[in-house]
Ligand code: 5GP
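One chain comes next, on its own, written out as structure tokens in the form predicted alone.
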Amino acid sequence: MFDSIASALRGANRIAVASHLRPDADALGSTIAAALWLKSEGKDVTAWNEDGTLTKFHYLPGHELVSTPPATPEKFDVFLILDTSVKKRLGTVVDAIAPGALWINMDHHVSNELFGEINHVDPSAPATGQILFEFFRHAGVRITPAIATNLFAAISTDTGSFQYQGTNARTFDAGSALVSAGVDVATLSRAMYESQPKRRFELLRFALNRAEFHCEDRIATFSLTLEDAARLAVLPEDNEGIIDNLRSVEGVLSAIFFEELPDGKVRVSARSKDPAIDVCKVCQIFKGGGHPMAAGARVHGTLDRVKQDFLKVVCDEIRKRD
């Protein structure tokens, strides 16, 4: 499959690269790394994300390449989609791609719907950045320090600093090669993990004070209403990683974050510490997806109703395990 992708990209002139809305470092790092490589190949490259590049990711070299999509569709030879399991998660980017482009879908989510004309989906990879690194190695791409930094950030964040299940010798091989290619690990790690804005600290304080435990204390949850988000003056990007503090509690098997959205939906982010508790399977019931140990969904309904329904399913899964 890598040969087909390399042939399609190298044979194209105008290429769009994009990833899912509310991007994380894997989505943006992979997008920027791909864009940097394609530009070095002399391609006319456009990199889009519905949310652009969030301020907290300005440490990624080349972040200025990513912009929000225009209102009028544009023509491309190839549309490269990264780290996006379902087409709708591209948001407004879809409407900016005129008919005629070849869609290439590269991802690591087990719930990927294979919506591309060429699909390379590898759920065994802990990050899309890992897949892209292996693609670059296979295709003989020269990995510059800027490309390496984006790929390392992608892999590091999606593996929880090389901690999560799925992290293996393959992951560390990629990390080692990327460091050899020019990643300044200490500087990058400070930017990723030790430079949070004060408002995010206030959100964390609020979350810990409002945390709840369910199902014999084996599920930990935190809920954020629109009113509380406005009062705390937080940005959507500030929520990233808060859930990991809940998951860290001894005895907790699953952590869930419920965020009220302005469109009458609730964003659910779920994590598991036990392979027997497959939160991707749970999220798929609610039209979401992701990985067995980390998944999410956007569900129509009130915060209380969605929370009650989702908790029931997760608790049932835990009791099946008993």
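Quick caveat: nothing in here was measured; it's all calculated off a predicted structure. One rule holds for the numbers: they count along the sequence shown, beginning at 1.
Only in words, not in the display: the form predicted in complex with the ligand, which the text now covers.
- Contact with the ligand in the predicted complex, defined as any heavy atom within 4.5 Å, is confined among 62-70, 281-289, 48-56, 34-42 to 281-289.
- The ligand in the predicted complex comes within 4.5 Å of no heavy atom belonging to residue 177.
- Within this chain, residue 298 lines the site of the ligand in the predicted complex, having a heavy atom no more than 4.5 Å away.
- Shown alone here, residue 156 lies farther than 4.5 Å from the ligand in the predicted complex, counting heavy atoms only.
- Shown alone here, residue 89 lies within 4.5 Å of the ligand in the predicted complex, counting heavy atoms only.
- Of the residues in 241-267, only 267 comes within 4.5 Å of the ligand in the predicted complex through at least one heavy atom.
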